[in-house]
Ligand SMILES: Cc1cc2nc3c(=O)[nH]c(=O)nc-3n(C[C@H](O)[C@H](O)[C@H](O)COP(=O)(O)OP(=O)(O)OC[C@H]3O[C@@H](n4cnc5c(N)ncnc54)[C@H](O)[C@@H]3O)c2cc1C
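We begin with a single chain expressed as structure tokens, specifically the form predicted alone.
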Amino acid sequence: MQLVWFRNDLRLDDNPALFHACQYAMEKGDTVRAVFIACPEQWRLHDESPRKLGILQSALQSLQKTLADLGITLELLDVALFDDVPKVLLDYCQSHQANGVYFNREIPLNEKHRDEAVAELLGNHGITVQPYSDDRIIHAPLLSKQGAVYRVFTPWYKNWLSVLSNGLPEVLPSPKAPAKAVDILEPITVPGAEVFREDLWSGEENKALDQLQRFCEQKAEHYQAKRDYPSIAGTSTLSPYLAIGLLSARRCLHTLFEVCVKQGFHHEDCLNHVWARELAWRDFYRYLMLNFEHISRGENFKQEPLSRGWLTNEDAKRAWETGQTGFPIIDAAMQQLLRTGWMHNRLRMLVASFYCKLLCLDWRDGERFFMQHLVDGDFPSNNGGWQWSSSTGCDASPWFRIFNPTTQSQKFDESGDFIKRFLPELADLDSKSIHWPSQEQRLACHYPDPIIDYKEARQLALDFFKVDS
């Protein structure tokens, strides 16, 4: 029997481990089984959000049905920590006479150490381990002409584009059924899973693929013009699917290209599409985490010791977490996160800048809060975004770049529609006042006073960051 170990790759389409396990089984007349291993205590340490676990559970239940139709039984194994995985996997293999285990690699350090321990233990017991590529679009090592690992996005991106200019990476089809359909033993229940916004996302792979297709056909053409405006449905909102592997990044790029070519664009135009660049950023943050392991340990990418420490202000931190800062666009963004488990990308940059620059609070606490609430929590991307905003990361925002929440609000939510949606207490204010209500308006609307004076906080931040510039 061949065993497929699912992790953040809960799909049939473009799943190398599943594809090759099924292919081998069909050639040898063998069978295939599959497992997913829940690690609730490890998830708690990694700040995985209950909503993300909710969509993960939905995806596993859907995957369980589609695999059953292919003759593959998917079961849930449950342990506390990654350290417990090798033994439970060995026990399962031995009890089901599995002689091969297939999985797709993961990049963060804890996951790499877990997989190394699994490979060693299973190998010592004569069980073949077949790891396949991780979820990056390009897996070949991208190095500078001097053979060095890139530390800046732009030259890395040029190399990334150069590789893809010679052709897109292979996307594997869904596997053929290696056996007759089987019954589902027991529906999968994931510990810690809570309700997620099923009106916004689905755990079914075919619906995720449909949403990808619709985005590429209907919205991608206008993505650059609309992506920064949170009141407009101008982004893909596919990130929850990428976070749990319901979609592969390679499939996303292929679908974008297929649609662009049909619309008359050349290969180079497709490659330079703004959304393709966003997929490149996702690859880049994974590239960094793969090559600079200290990132996985919660350390600054820039390893020079800081001469000053982050401030401690529990009241300000709590106001930010609950959307009570008195800055309407910040509070509306945080309410979107708390209510939906998702936040518009422009607003992620804005609230992170507010937290790290204007409040001078430790980016790690903001990163952790996001992971604890995001339905699309993705360690490499979330870490990269927070380190960018705090000027501690690779190719980060300059230390003196500090977003003004009010002018950002006026620029990207001019009529205040987004603010009104998530701060209904301000819905009656005009399009000018809603970005910065007067004292009288705040009292009438029961909206809090600002927790900082922007000009004073900005100067404090400049003095704070200049020390290490």
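One rule holds for the numbers: they count along the sequence shown, beginning at 1. Source: prediction; values computed, not measured.
If you look for the form predicted together with this ligand, you will not find it shown, but the lines that follow are about it.
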{"query": "Partner-facing stretch of 323 to 331, 133 to 141, 339 to 347, 98 to 106, counted where any non-hydrogen atom is within 4.5 angstroms of this ligand in the predicted bound form", "finding": "339 to 347"}
{"query": "Non-hydrogen atom within 4.5 angstroms of this ligand in the predicted bound form for each of Ser236, Arg282 and Tyr285", "finding": "yes"}
{"query": "Proximity to this ligand in the predicted bound form, single hit among Phe196, Tyr355, Trp160, Trp386 (heavy atom within 4.5 Å)", "finding": "Trp386"}
{"query": "Interface residue in the predicted bound form among Tyr223, Phe265, Tyr150, Phe369, criterion: non-hydrogen atom within 4.5 angstroms of this ligand", "finding": "Tyr223"}
{"query": "Close approach of Asp395 to this ligand in the predicted bound form, 4.5 Å, heavy atom", "finding": "no"}
{"query": "Contact of Asp115 with this ligand in the predicted bound form (heavy atom, 4.5 Å)", "finding": "no"}
{"query": "Contact flag, Glu205 vs this ligand in the predicted bound form, heavy atom cut 4.5 Å", "finding": "no"}
{"query": "is_contact(Gly377, this ligand) in the predicted bound form, heavy atom dist at most 4.5 Å", "finding": "yes"}
{"query": "Residues within 4.5 Å of this ligand in the predicted bound form, restricted to 251 to 276 and counted by heavy atom", "finding": "Trp275"}
